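In structure tokens, one chain follows: the form predicted alone.
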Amino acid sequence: MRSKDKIAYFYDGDVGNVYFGPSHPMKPHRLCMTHHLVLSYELHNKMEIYRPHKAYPVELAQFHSADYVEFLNRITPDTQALFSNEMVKYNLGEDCPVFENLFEFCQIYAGGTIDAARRLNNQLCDIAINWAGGLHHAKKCEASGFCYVNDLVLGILELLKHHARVLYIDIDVHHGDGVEEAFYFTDRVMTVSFHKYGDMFFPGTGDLKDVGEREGKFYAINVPLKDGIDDTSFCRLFKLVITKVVETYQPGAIVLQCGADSLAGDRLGCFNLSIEGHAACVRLVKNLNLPLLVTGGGGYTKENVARCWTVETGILLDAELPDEIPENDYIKYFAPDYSLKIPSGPMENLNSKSYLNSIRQQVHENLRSIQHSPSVQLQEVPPDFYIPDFDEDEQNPDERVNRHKKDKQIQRDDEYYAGDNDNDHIMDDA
């Protein structure tokens, strides 16, 4: 056991200010709510807080095609009508609308996950958190399922510079199809997704028999579930699968996508997990004591998303949180009971014990096909991707640096929430 985990937490307030549109279920505002709830519980005092750098197009193109990245950078709500063919080609439109500051939004959430991976690689922290990340549906050349840039793939690619094997775990109600597809042919990444499958549920992939191909055969694990799965069933299966996966695969690092749409009462979800059930999965993965990158994901009942990711921040910090939510800027959203935990609902669990047991047996059988973890020789660790930056010696300390230029600096003067330069000191006082 490590004596005390060092936690790095990434957040930029601008990520919560974008607006997908009036009828769109994705509300990035949930990220502001989460952050202020984290502050109200004073969890920021127990971890290092960073504003992520905005990922450069050349960084995004480490996975995505250069033409797709360039189009995301160029398209605006005012010009989208001029690019109808490209809108279709890149799957932009109803599910993935073009909105103001779309590309900057992608740069921020992707930058957070990339920075998180780099801090883990450089052993500057044990656990890195980016609740703005976890957009697991985006593909190499197109947007999908409210996701434009797949920050998870970019983060895993960073981790692979230092680790022979990376384990990806996904507890979003939707299949982690974009991440699985990116690594479907390699044994360097094992993807494990627990998700609703069947009944034309988005994205329609993630069958038990989809196990990877070529060198990646048996390195994709899918746990397809039916409506109404509850804490007892989900947590038991999660523990049995993940324990066996880690024992067999022996990863050097783990990426955990904590989509909160698997909670009871989610606008788009159909599972019946309480926050405590969802968080139990996070606790189990934390207790594996491996370098851990934690992201958000789906979640469309925003007050419950904020509750869930705050509880899970507390778990990662080994902090006990009182159930009564402290005063904060978004307190009205947690009425009428103002409690942190939410229970599961009265929903019927359509996952029988025999069905879940058959999944467990098949997963264990597939893992036996691996025999032992793959042997990967790492010759030389490539450097972090070159980022244009300032030469500090050439900067005039008397010259005022504007906000935009300052935000480009990875190491910021006010990256910690402490002191007079703290942008959120008002919330700290609250």
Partner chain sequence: MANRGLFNSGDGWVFVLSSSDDEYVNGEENNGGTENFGEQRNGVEGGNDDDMEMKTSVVDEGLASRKRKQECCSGMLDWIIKVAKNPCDPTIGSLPEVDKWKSYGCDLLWKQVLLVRDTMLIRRNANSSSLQTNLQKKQKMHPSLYDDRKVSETLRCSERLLSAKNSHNKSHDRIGVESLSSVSHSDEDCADEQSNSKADSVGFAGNFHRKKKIPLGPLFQADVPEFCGEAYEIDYKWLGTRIWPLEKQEQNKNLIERDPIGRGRQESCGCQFPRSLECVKFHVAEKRRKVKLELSSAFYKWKFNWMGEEVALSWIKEDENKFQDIVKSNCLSSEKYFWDELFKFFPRKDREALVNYYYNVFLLRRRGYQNRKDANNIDSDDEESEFGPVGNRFGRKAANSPGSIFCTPKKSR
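Residue numbers count along the first chain shown, from 1. Here the structure is a predicted model, which means the values were calculated and not measured.
Separately, the form predicted together with the partner chain exists; it is not shown, and the next lines address it.
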{"item": "The unique member of T248, S274, N121, S233 whose heavy atoms fall within 4.5 Å of the partner chain in the predicted bound form", "value": "N121"}
{"item": "Partner-contacting position among L290, L240, A280, C270 - heavy atom within 4.5 Å of the partner chain in the predicted bound form", "value": "C270"}
{"item": "Y68 within 4.5 Å of the partner chain in the predicted bound form, heavy atoms", "value": "no"}
{"item": "The partner chain contact at E158 in the predicted bound form, heavy atom, 4.5 Å", "value": "yes"}
{"item": "In the predicted bound form, T301 touching the partner chain (heavy atom, 4.5 Å)", "value": "yes"}
{"item": "Close approach of A335 to the partner chain in the predicted bound form, 4.5 Å, heavy atom", "value": "yes"}
{"item": "Non-hydrogen atom within 4.5 angstroms of the partner chain in the predicted bound form for each of R74, G296 and V311", "value": "no"}
{"item": "Candidate stretches 282 to 290, 127 to 135, 344 to 352, 240 to 248, one within 4.5 Å of the partner chain in the predicted bound form by heavy atom", "value": "344 to 352"}
{"item": "Sequence-ordered list of residues in 20 to 51 near the partner chain in the predicted bound form, where near means a heavy atom within 4.5 Å", "value": "F20, G21, P22, S23, H24, P25, K27, H29, C32, H35, H36, L39, S40, Y41, E42, L43, H44, N45, K46, M47, E48, I49, Y50, R51"}
